[in-house]
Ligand code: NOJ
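Take a look at this single chain in structure tokens; it is the form predicted on its own.
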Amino acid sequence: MAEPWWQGCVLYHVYVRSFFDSDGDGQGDLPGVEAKLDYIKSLGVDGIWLSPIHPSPNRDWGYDVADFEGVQADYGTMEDFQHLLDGAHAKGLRIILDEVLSHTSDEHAWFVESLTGGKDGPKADWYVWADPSKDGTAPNNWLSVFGGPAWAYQPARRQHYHHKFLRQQPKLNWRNHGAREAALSVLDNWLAKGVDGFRLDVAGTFLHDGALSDNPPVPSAERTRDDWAHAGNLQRHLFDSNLPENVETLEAIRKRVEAHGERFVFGEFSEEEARCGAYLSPTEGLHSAYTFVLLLARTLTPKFIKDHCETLSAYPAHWPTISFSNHDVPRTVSRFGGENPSPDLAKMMFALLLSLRGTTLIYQGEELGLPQASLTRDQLRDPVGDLYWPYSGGRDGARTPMPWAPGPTLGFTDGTPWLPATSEHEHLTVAAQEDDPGSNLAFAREMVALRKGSPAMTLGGLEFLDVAEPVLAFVRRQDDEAIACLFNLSAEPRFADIPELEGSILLEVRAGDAELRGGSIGLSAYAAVFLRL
């Protein structure tokens, strides 16, 4: 029996608002994505994951949905979406939608009715409401991911509603049958239109503790500084989300999706991953999942990669999704390479991304080696960046317009872009790299082709080889094919003795230089090489 299409596939993550503007209003749109389908197809990927496309007041830029059945006016019309979907399918590309079903916008009709329809109204319990504490404060100690109490008081009901993120993102109550069925029907609606699956935002957060128990604190010794070092990280989120029974919800979602045929549904998990269903098998919870372990890392060592893979190996039936970069975190080369990352580092990280076992997510611009953009406070549009300035510049540095060609907006728009086109990207445009055989873009295409042309690289197991740091070495193996993947994770040339390489053949696709002599190999700085054993 053939493996499902999504197992080992490569998906290209399009942040629609920043991809390509077709009408000059400064916002990327669905016709803009359609205009670039040939480019996306040229990368060799299997499909496209679109950031949320539904109408939204954009308090959190589309992750606060006001209407699950429509298309955001900035992005076009339902006809535009159908045209994009049909065009992608005609080119052999799948379309995956980003669905945010754990919460909605406070402007969604469901919430408005829940708020104004009274405590006995038909949608009264579609959201998580609770009475104030005796002293008038929040019902419990739950903290928002974006800072402060995860509760907002509404005089119309004389109650608080729960919001894990912004105050304008009230939590949908999946314990209410009506709300649950309405959320599942969202999936039915879009699957009926022909989409190929979904990425589920914050997939560990569907359920909350009905007793509203306080979350326990994270012990002081376990608290660490990272990009999300705000108050929400000072407690373990065991009762506001990440409940073990969340698994049953994931199961129901997967079955609902599978009722429409061979579709794909994977989830984002950022907390208590093992507890709430991140590592289930494709026949138990969702088909696949990714966590923030690789997305938030700032120190790249062989041990770090091994430790992450060993975590995954504890769940042998799980099929992971692998991602180094997305719209929520600083770009890969800047996280690991600082303010002036090496072009060699960009190629090596892209090669590593495509070499790890799982379904691969490529964030727009990774194929170009884009660094994080630097923005001033007055240029920020992200509520997180504004809230935590100057500690954090927020997420906008990874959301600036895709650089297509020379010019003041780097070919993104004829108008004024919603975020500025950044000078850090002006020498890395698609036009500048398109005809350069040594470019990041050329290497990305070669790397995707290598991955897709090899059963071992696509579906095979992963076995680490014993080699001294900073060299990382592992073998991908499937049936009678075995490919050794070697990475020099340092900025200096390295030499490694690896007896397993005796008699192997260096493949042409590589980043940097390598010299093989028997079971010994020399690697240039940030080299990535592949050998057929």
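Everything quoted here is computed from the prediction, not taken from an experiment. Sequential numbering from 1, following the sequence displayed.
The same protein also has a form predicted in complex with this ligand, omitted here; what follows describes it.
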Exercise for review: Answer yes if any heavy atom of residue 174 is within 4.5 Å of a heavy atom of this ligand in the predicted complex; otherwise answer no.
Suggested key: no
Practice item. Tell me, yes or no, whether residue 474 is in contact with this ligand in the predicted complex, where a contact means a heavy atom of each within 4.5 Å. Key: no
Practice item. Mark residue 146 yes when one of its heavy atoms lies within 4.5 Å of a heavy atom of this ligand in the predicted complex, and no otherwise. Key: yes
Point to revise | Partner proximity in the predicted complex: residue 318 to this ligand, non-hydrogen atom cutoff 4.5 Å | key: no
Review point. Has each of 67, 105 and 180 got a heavy atom lying within 4.5 angstroms of this ligand in the predicted complex?
Key: no
**Study point:** Contact stretch among 80-88, 199-207, 310-318, 243-251 - heavy atom within 4.5 Å of this ligand in the predicted complex
**Key:** 199-207
Check your understanding: Tell me, which of 260, 327, 123, 357 has a heavy atom within 4.5 angstroms of this ligand in the predicted complex?
Key -> 327
Study note, to complete from the structure: Partner-free chain; cross-checking this ligand in the predicted complex, the single residue of 270, 72, 364, 169 with a heavy atom within 4.5 Å is 169
Check your understanding: Does anything in 391-410 come within 4.5 Å of this ligand in the predicted complex by heavy atoms, and if so which residues, in order?
Key -> 395, 399
